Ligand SMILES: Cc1cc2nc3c(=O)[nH]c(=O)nc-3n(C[C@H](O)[C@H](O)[C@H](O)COP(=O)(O)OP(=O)(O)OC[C@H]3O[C@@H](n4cnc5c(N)ncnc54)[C@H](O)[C@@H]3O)c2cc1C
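Listed next as structure tokens is one chain, alone, in the form predicted on its own.
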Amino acid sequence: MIYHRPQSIDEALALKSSLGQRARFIAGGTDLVVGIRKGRTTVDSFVDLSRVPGLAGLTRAGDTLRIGAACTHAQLEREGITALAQACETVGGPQIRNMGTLGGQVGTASPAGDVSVALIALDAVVELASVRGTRSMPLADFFVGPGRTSLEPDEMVLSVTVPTNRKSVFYKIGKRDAVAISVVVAAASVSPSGDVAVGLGCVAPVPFRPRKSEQMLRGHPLTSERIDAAAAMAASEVSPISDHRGGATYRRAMVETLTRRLLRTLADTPYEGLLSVAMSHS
């Protein structure tokens, strides 16, 4: 393996452009190194992003927060965006949260990515860069299959931007609150204008937004009856599988239960209350 340590974003992009799919970006390495050790991932060259200036910054502008791809989960636990902070708290142990990065989480494209689910429920936008320039897209559209994204061979995840003015909340079902892959994971948010977004994980090939359910809520108050109908619709939109962690029938039922629970929390809690709420994972 050949190891490269670029000193700028431009140098990193130039290396990726010349090396193509033979090279992999690495920052925390908490997923990539495990994949190599287990024989799932083959790498000829590493392009180390851990020392590249500008990739680990957090920039607030108006009602948005731009998160550099090299920001760690530990950093985001302290940023006051409720669903994102709650999701980051569930990632591994303290060592993993201090090493693992946002870009690595998003780039892995795991259907069970807790942080990715929180981000799509916040209506996040991902920024991609290459020597050809930059482009942006809704994060929910970035995931195209298990472990697959819209990244071109010469591109890198540069940042993710999330709104800071949405009420949000997150919940996971797993054997433990952290250091365990989720059985079902869900998050939801609502904007000041009433626009609702929901994110679901472990119930589809990608971190998933139930668009029909969201459409049922658009432009309407979050009444108990409408929440129940939207939760039932969300359960009908997912395509869970059965594995050693849980069955498809159970997962579908939990989608309805969690969607209902999260939407009721959003409806019942004032904005300031959700800045510090920590939902029980019991």
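All of these numbers come straight from a predicted model, not from anything done at the bench. Start at 1 with the first residue shown and count on from there.
The next section is about a form of this same protein that is not shown, the form predicted in complex with the ligand.
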Handout entry: 4.5 Å heavy atom contact with the ligand in the predicted bound form for all of 174, 200 and 257
Key = no
Exercise for the section: Spot the stretch among 207-215, 154-162, 77-85, 188-196 with residues whose non-hydrogen atoms come within 4.5 Å of the ligand in the predicted bound form. Expected result: 154-162
Practice task
With heavy atoms only and a cut-off of 4.5 Å, decide whether residue 136 touches the ligand in the predicted bound form.
Solution key: no
Handout entry: Heavy atom of residue 131 within 4.5 Å of the ligand in the predicted bound form
Key = no
Handout entry: residue 248, heavy atom within 4.5 angstroms of the ligand in the predicted bound form
Key = no
Practice task
Indicate whether the ligand has at least one heavy atom within 4.5 Å of a heavy atom of residue 108 in the predicted bound form.
Solution key: yes
Completion exercise
None of 56, 49, 231, 238 but one has a heavy atom within 4.5 Å of the ligand in the predicted bound form; the exception is 49
Exercise for the section: Within 4.5 Å of the ligand in the predicted bound form, which residues of 74-103 have a heavy atom? Give them in sequence order, or say none. Expected result: 90, 91, 92, 96, 99, 100, 101, 103
